[in-house]
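Presented as C-alpha cells, the chain that follows is alone, the form predicted on its own.
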C-alpha cells in the first residue's frame, strides 16, 4: 500500500473514531494533523464538522472524505485514540500497528453496559434533585423516574433513528411519573423531581463542546453542536409540557 495512502487512512480512521465518540472538532483536526506531520506529510489539511471529515495531504493531491452519520459519547474510545496517536508520534508504533489498533478500537464496544448506565442515571437524577433544593422524600421518586426515563430513552433510541423523538418520549414518561408520584402522596415538590429526573437526558457534553469549538474559532461546528443541544433541550421541554397537559 502506498505510504501516503496508509498515513491518510490512519488519520481518517483516528478522526472518525474521535468524532463519532463525541470529541471536539478542533481536537479531531489537531490529532489528524499531528499524525500526518510526524510522518513528514507536507501541508496536511484536515477539516472536521459534526457530520463529516475532509483530509488532504497536499494542494494537488486527491482529497479524502468520511461522512459521520452516528454520534455518541464514548470517552474511552477518545482516550484510546489519543494514546495511539501519542505512541505513533513518539515513534513507539509503526503505521501498520497503529492502523490495526485503531480498527480494534473502532469495532470495540467500550461503553458501560446498559444496566450500569441505567443505575447511574437513576442515582444522578436523585442526587440532582437534592442538589437543586429538593427534600429527601423527593429522592426516591426522582431516582425511579430518572431511571425509568433513561430506560425509555435507550429503548426508543434503538427503534427510531431520530434521537429527539426518544428524548421527547422519555421526558414525557418522566413528567407522567412525577405527576403520579405527587398525586399518590409520594414526594413533596413536583418541579424538583422533574428537574432532577431529566438531568441524565440533558446534552451537557454537546453544550460544552459547542462552546469550546466556538472559542477555538470553529464556528460551523460550534453552531451546529449548539443547535443540536437546543433541539434536545426543546424535545425534553416539550415532553414535560405534554405530560402537564394531562393534569
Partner chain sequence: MIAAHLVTSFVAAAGFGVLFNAPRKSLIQCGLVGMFGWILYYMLTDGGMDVVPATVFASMLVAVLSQICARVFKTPIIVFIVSGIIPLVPGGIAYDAMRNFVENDYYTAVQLSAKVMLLSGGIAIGLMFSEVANQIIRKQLRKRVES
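Numbering follows the first chain given and starts at 1. Computed from a prediction, not measured in an experiment: that's the story for all the values here.
Only in words, not in the display: the form predicted in complex with the partner chain, which the text now covers.
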Choose one stretch from 48-56, 61-69, 25-33, 179-187: the one whose residues place a heavy atom within 4.5 angstroms of the partner chain in the predicted complex. 25-33
Exactly one of 173, 95, 157, 124 has a non-hydrogen atom within 4.5 Å of the partner chain in the predicted complex; which residue is it? 124
Determine whether any heavy atom of residue 200 comes within 4.5 Å of a heavy atom of the partner chain in the predicted complex, and answer yes or no. yes
Indicate whether residue 106 is a 4.5 Å heavy atom neighbour of the partner chain in the predicted complex. no
Can you tell me if residue 219 lies within 4.5 angstroms of the partner chain in the predicted complex, counting non-hydrogen atoms only? no
Indicate whether the partner chain has at least one heavy atom within 4.5 Å of a heavy atom of residue 150 in the predicted complex. yes
Which residues within 212-238 place at least one heavy atom within 4.5 Å of the partner chain in the predicted complex? 212, 215, 233, 234, 237
